[in-house]
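Taking the form predicted on its own, here's one chain by itself in structure tokens.
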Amino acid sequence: MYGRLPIVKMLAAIVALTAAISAVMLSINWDGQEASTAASKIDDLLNVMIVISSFVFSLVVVALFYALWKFKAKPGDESDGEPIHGNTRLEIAWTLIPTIIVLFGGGYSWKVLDEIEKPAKNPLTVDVFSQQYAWSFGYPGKGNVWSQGELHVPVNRQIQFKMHAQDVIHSFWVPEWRIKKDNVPGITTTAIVTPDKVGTYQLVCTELCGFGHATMRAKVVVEPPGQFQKWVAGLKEKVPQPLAESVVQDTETNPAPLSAGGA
């Protein structure tokens, strides 16, 4: 009974510290406004991982302080410590627990990604062109018209963004959508988003791409379908030939999925 007492106290301390840290961390709105159907799912995933991380941190801290208190040297004791040959049960525990946590996190993340990337019946395809240090956008289902520095999309419709980097690696991120995807030269990468709130947002490059990286931003407008159709009908420029060639080249390397739409 006496031997179990420290373990019970340590478990109680771990639970209490986990609860305290989780309460503080979960009270903070880390990601800001939600503006896509994926946002709440990703925020829930983040919250779960915060609780798990709080538990792991608490476990390590409590074990560390217990060891410092329990096995500290007495004043004046300069002798060598006793040789330790290991503890099989402890080694199994500290191998099994992280394995379970990693498998759970991987499985949960896979489930969330599968849900938010499930293809819709009538997605809108938008080509995203990234280059030092600007964004531009093509609408292949709308006569391949082109917009520089301003992205418009309709609300409550799935958008399939096809990324085409022209020089170095960039990264496509609208914080309110939660989705972030690298744009890699030579291949097509795809980000799938369904915006569900009308508003004006900002597209940010989150991959260090050179001296002008911090200024590589674009205006994002989510609007009702009628306004979007009116705006896109007013575009006069077509996708420039070098950018159009990059779409063909990237697609040959990484073909577009059969479900890609554009009307």
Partner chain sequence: MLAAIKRPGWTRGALGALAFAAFGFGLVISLRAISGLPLYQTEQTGYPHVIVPLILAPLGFLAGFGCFDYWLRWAAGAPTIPDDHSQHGAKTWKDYFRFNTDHKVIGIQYICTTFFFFFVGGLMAMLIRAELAQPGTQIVDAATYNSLFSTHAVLMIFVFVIPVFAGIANYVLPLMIGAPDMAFPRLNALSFWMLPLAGILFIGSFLAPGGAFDAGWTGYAPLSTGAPLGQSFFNLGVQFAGASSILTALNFLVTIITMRAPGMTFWRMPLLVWANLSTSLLVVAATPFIAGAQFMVLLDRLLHTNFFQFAAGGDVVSYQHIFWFYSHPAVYIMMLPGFGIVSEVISTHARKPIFGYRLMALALLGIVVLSYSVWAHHMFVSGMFSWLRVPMMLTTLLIAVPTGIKIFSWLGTLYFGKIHTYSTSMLFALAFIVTFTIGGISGVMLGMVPIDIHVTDTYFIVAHIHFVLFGGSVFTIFAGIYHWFPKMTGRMYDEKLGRVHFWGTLIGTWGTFVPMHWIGMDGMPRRVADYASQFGNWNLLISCFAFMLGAVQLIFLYNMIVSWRFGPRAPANPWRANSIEWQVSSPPPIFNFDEIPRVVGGPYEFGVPGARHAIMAGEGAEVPATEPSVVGSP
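What you see is a predicted model; the values in this text were computed from it and never measured. In this text, the rigid core denotes the largest set of C-alpha atoms whose superposition between the two forms falls within 1.5 Å. Numbering follows the first chain given and starts at 1.
There is another form of the same protein, the form predicted together with the partner chain; it is not shown, and what comes next is about it.
Colleague: Can any non-hydrogen atom of Gly210 be found within 4.5 angstroms of the partner chain in the predicted bound form?
Modeller: Result yes; Gly210 sits at the interface with the partner chain in the predicted bound form.
Colleague: Given that the partner chain is not shown alongside this chain, does Gly32 nevertheless sit within 4.5 Å of it in the predicted bound form, heavy atom to heavy atom?
Modeller: Close contact exists here: in the predicted bound form, Gly32 approaches the partner chain to within 4.5 Å, heavy atoms only.
Colleague: With the cut-off set at 4.5 Å between non-hydrogen atoms, does Ser109 touch the partner chain in the predicted bound form?
Modeller: Yes, Ser109 lies within 4.5 Å of the partner chain in the predicted bound form.
Colleague: Taking the partner chain as it sits in the predicted bound form, is Trp173 near enough to touch it, meaning that at least one heavy atom pair lies within 4.5 angstroms?
Modeller: Contact check for Trp173: yes, within 4.5 Å of the partner chain in the predicted bound form.
Colleague: Only one of Leu26, Val232, Leu46, Val221 has a non-hydrogen atom within 4.5 angstroms of the partner chain in the predicted bound form; which is it?
Modeller: Answer to the contact question: Leu46.
Colleague: Among 221-229, 193-201, 234-242, 58-66, which stretch has residues with heavy atoms no more than 4.5 Å from the partner chain in the predicted bound form?
Modeller: Among the candidates, contact is made by 58-66.
Colleague: For the stretch 179-193, which residues lie within 4.5 Å of the partner chain in the predicted bound form by non-hydrogen atom distance?
Modeller: Ile179, Lys180, Lys181, Asp182, Val184, Pro185, Gly186, Ile187, Thr189, in sequence order.
Colleague: For Ser36, is the C-alpha shift between this form and the one not shown 2 Å or more after core superposition?
Modeller: The answer is no; the displacement is under 2 Å.
Colleague: Would you say whether Val62 is displaced between this form and the one not shown, judging by a C-alpha shift of 2 Å or more on the superposed rigid core?
Modeller: True for Val62: a C-alpha shift of 2 Å or more.
Colleague: Tell me, please, whether between this form and the one not shown the C-alpha of Tyr108 is shifted by 2 Å or more, with the rigid core used for superposition.
Modeller: Indeed, Tyr108 is displaced by 2 Å or more.
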